[in-house]
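In the form predicted on its own, a lone chain appears below as structure tokens.
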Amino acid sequence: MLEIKNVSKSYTLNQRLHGKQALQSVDLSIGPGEIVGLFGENGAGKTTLMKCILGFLRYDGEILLDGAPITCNNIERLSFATSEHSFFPNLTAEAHRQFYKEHFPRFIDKRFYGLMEFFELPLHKLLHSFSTGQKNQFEVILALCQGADYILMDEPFAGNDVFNREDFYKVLLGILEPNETVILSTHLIEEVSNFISRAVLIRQGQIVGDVLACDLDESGISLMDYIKQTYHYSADRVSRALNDITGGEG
């Protein structure tokens, strides 16, 4: 169980200005086997929350993994895929596999080679020669093959075409073990609506929605409609903006 208890995070802009409150008293528990979609506007706090979980940022509050703080003793149970690219650009994919296998004893060779073949990625080319989309694919592969129990993904599919993304969701559902948990932050809401088991909504650093996909199905509400309702989305905002800009002309 991943437990986030009363977690807050602020960024200091400078000595004269007040800091930006990125997270405000976030409480969230995520159990094994869940596929959680983390949704929110730009700047809502999604990436900050993930980086706090991983220990990349200091924060107030408590984050526990099966009741224990996340330290060097259990950090290998977490993996992270991000479009920021955290691999070694001057190593090949195969060299990365060997490096990861040395540092993560639970590394899954069979999954690695299967996903490399699925994405049609070369094993013996240097990573800096990969396209942006290929780099993002490889980042996801490393996160999925590390052997982690909790796999965090922050906008991992940037630069990938819709067919690759759609096929990948199907493959991912087929390879995940029952105890593996995925926390996926993305703006591609409609694409992942049939993939996730739970949706968590964050806005201005606070959790404003948390719902199981099966409950949405039973109520007949789509994920997009649930998000719009929770965010009090105004259906006429476009027409009002155009009216303000054009003065009602045309």
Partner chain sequence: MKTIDLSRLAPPGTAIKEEIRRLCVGLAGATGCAVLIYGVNYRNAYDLLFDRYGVDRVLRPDAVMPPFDALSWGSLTFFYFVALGSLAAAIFHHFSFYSGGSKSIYLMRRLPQRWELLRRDITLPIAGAAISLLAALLLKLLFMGVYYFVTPEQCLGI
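Just so we're clear, the structure is a prediction, and the values are computed from it rather than from any experiment. Numbering follows the first chain given and starts at 1.
Not pictured, yet referred to below: the form predicted in complex with its partner chain.
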item	value
Triple contact flag 76, 86 and 146 to its partner chain in the predicted complex, non-hydrogen atom at 4.5 angstroms	yes
Heavy atom contact within 4.5 Å of its partner chain in the predicted complex, the stretch among 26-34, 54-62, 199-207, 179-187	54-62
Position in contact with its partner chain when the complex is considered in the predicted complex, options 99, 130, 119, 113, heavy atoms within 4.5 Å	99
Contact flag, residue 134 vs its partner chain in the predicted complex, heavy atom cut 4.5 Å	no
In the predicted complex, residue 82 touching its partner chain (heavy atom, 4.5 Å)	yes
Contact test in the predicted complex: residue 108 vs its partner chain, heavy atoms, 4.5 Å	no
Contact label in the predicted complex: residue 103 to its partner chain, heavy atom within 4.5 Å	yes
Stretch 58-73: residues contacting its partner chain in the predicted complex, 4.5 Å heavy atom cut-off	72
